[in-house]
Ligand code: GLN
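This document opens with one chain alone, in C-alpha cells, the form predicted alone.
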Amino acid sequence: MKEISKIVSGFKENIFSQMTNLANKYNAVNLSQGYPDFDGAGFALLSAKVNIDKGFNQTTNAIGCEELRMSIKKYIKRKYNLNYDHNTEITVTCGATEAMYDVISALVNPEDEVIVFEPFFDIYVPAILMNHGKVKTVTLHGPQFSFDKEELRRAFSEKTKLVIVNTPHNPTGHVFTKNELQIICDLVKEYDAYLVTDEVYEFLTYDNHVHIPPATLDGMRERTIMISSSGKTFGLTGWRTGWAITVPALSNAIRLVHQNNTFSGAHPLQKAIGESFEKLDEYLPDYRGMYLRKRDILFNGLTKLGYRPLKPEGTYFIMCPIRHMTQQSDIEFAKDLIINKKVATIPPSAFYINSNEGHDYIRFCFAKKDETLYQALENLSSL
C-alpha cells in the first residue's frame, strides 16, 4: 500500500483525547476538556426544537442562514461599533475550528510564514502545516502571559502572511490589552500581513478586563479576519456553529474553501442561534456571573490546598504552576493526578513548540457544575 500524507503521518492523538481516555480509565473527575458538563442556554434549546418542528431541516445557504448572519451583524455593531455586510462579509461555518481551517487554507501559500503565540490552541499548527505554511512562534511568558516586543518583531519577515491572535486567550486566560494589540497590529501593517483573531471567549472576561476586537483599531478592519462561535457564548459547544467576518475579497476566498469543505452547517441550529442573539444583552450578566462564581470556587479551593493558581482574566481555564510541588514534567504530573487523585487536567506543554515553559504548569477547566468542581477539590485534598 502507498504511504499516507507525510504531513498527516506526523500528527499524533491530541492531548485532550489522551487525558480524557485516561480519566475514563481511572474514573477521574474530568477538568481537562474545555466544554461544560451542563446544558446550554434554555431559550436556545427551545428555539432549536421549534425550528425543527417548523421544518427547517434541509440544507441552508452555504454562507449561513440569513437570520443568523443578520443577528451577527447587529451584535457586532451593537457591541463593538463595527459595520459588516451580512451578505458579503459574514460567513457561517461548522464551528470556529472550521472557520480557522478555511481562513488558513484560503490565504496561506507554500512557504508563507504564520506567526502564532504559544501556548496555542492545538488546531492552529496542523492547519498551517497542511497548507504547507511555516509556523513561527512567539511565547506568552508567564506568569502574566505577555509577549516580549523584540521577540515578536524578530518573528516577522517579508514572508509573514498571517498572525493568529486568540483573545481572551486559551489556555492562559490572558485578555490582550489595547497596548499589546496595537504593537501586534502596527507590525502587521508594517509587513503587509493579515491578522486572524480567534475571539470565541469574547464575552467571558472578569475583574474589569475588557475584550477589544483588533478590527476596531485604526487601519485593521481591511486586514483582519474575525472568528467567533456560539459554542462558548451559549454553552452549546456541540452545535458546532461559528463564523468568519472580514472584507468581501477575503470573505470570497474563505467561502470558496468552505463550500468545498462542509458547505453548510445545521439549519435549525443556525436559526436558533440567530434568535438567541436577540436575548444576548439580558443573558450576558448572569452568564458572566455564573462563570465568575465557578472560577472563584476552583481558584480559592486550589489555593487552600497549597496550589498556586493564576487567576484568569478571561475564558474558563486556570493555569496552575507546579514547580513548587514536583520536578516531574507537566505530562507526568497530570497523569499522576488522574491515577492517584482522580482528577484530570491538561498538561500545556502540548501547546508549545519552542519554549519549555509549558512543563511548569497544568491547566484546569472550570466550565463544570459546582458539584463537579467541589468533587475535584475533595479528590485533590485526599492523601
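Numbers for residues come from their place in the sequence shown, where the first is 1. Keep in mind it's a predicted model, so treat the numbers as computed, not measured.
Missing here is the form predicted together with the named molecule; even so, the following discussion is about that form.
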item: F43, F234 and Y291 all contacting the named molecule in the model of the complex, non-hydrogen atom within 4.5 Å; value: no
item: The named molecule contact in the model of the complex: F121, any heavy atom under 4.5 Å; value: yes
item: Contact test in the model of the complex: N170 vs the named molecule, heavy atoms, 4.5 Å; value: yes
item: Any non-hydrogen atom of Q33 within 4.5 angstroms of the named molecule in the model of the complex; value: yes
item: Non-hydrogen atom contact Y374 with the named molecule in the model of the complex at 4.5 angstroms; value: no
item: Listed residue that, although the named molecule is not shown, lies within 4.5 Å of it in the model of the complex (heavy atoms), from F176, Y201, W243, F117; value: Y201
item: Candidate stretches 33-41, 319-327, 59-67, 46-54, one within 4.5 Å of the named molecule in the model of the complex by heavy atom; value: 33-41
item: The named molecule in the model of the complex - contacting residues of 1-29, heavy atom within 4.5 Å; value: N14, F16
